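Quick heads-up: it's one chain on its own, the form predicted alone, in structure tokens.
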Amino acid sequence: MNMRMEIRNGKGVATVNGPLNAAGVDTFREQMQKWMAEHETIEQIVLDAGEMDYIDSAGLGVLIALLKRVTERGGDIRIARLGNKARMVFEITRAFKIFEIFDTVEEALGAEA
């Protein structure tokens, strides 16, 4: 799993490349925590999942933990470009009720909170 972070329209965009699973959650968590510490004013984060191959329960768990931290700041996390395999995990676990899911990063960036 590789990821990159950037700021667009005053919001954080995290692009995940590869699977977000048990093997990569520690790296994901550490990079997100470091980035959030460096950008304390950023309240909204869009996870660009277009290059994310797969997500398992560990990956979903780290996203939920991250959502908790971001909502404590008054923000939220939006998911964009969710692929079929990952979308199936979100549907089976009903995680789509927790996260707002958008077809594109631009839609996620432009949506009102």
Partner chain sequence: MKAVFHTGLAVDWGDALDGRPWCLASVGGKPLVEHWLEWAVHLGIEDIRLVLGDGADEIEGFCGDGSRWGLHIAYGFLRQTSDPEVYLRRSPRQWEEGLLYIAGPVFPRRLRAQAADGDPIPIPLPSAPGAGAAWLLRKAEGRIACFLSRDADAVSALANGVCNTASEPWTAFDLEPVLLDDIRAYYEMNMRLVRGEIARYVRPGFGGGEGACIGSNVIIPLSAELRPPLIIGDNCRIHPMAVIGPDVVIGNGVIVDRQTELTGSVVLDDTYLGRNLEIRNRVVAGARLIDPSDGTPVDIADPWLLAPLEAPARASDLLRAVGGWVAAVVLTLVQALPFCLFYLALRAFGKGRFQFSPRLAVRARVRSLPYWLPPVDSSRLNRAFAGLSLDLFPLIALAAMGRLWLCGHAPLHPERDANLRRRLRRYYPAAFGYHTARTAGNDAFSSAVTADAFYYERYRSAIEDLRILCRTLFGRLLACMTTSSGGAL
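Positions refer to the first chain, counted from 1. From a predicted model like this one, the values you see are computed outputs, not experimental measurements.
The form predicted in complex with its partner chain exists for this protein as well; it is not shown, and the discussion that follows is about that form.
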Q.
Given a 4.5 Å cut-off on heavy atoms, tell me which of 44-52, 23-31, 66-74, 80-88 is the interface stretch with its partner chain in the model of the complex.
A. 80-88
Q) Hey, in the model of the complex, is residue 93 touching its partner chain, heavy atoms inside 4.5 Å? A) yes
Q.
I'd like to know if residue 62 sits close to its partner chain in the model of the complex, meaning any non-hydrogen atom pair within 4.5 angstroms.
A. no
Q.
residue 36 versus its partner chain, in the model of the complex: is there a non-hydrogen atom within 4.5 Å?
A. no
Q) Within 41-69, which residues come within 4.5 Å of its partner chain in the model of the complex, counting heavy atoms only? A) 54, 56, 57, 58
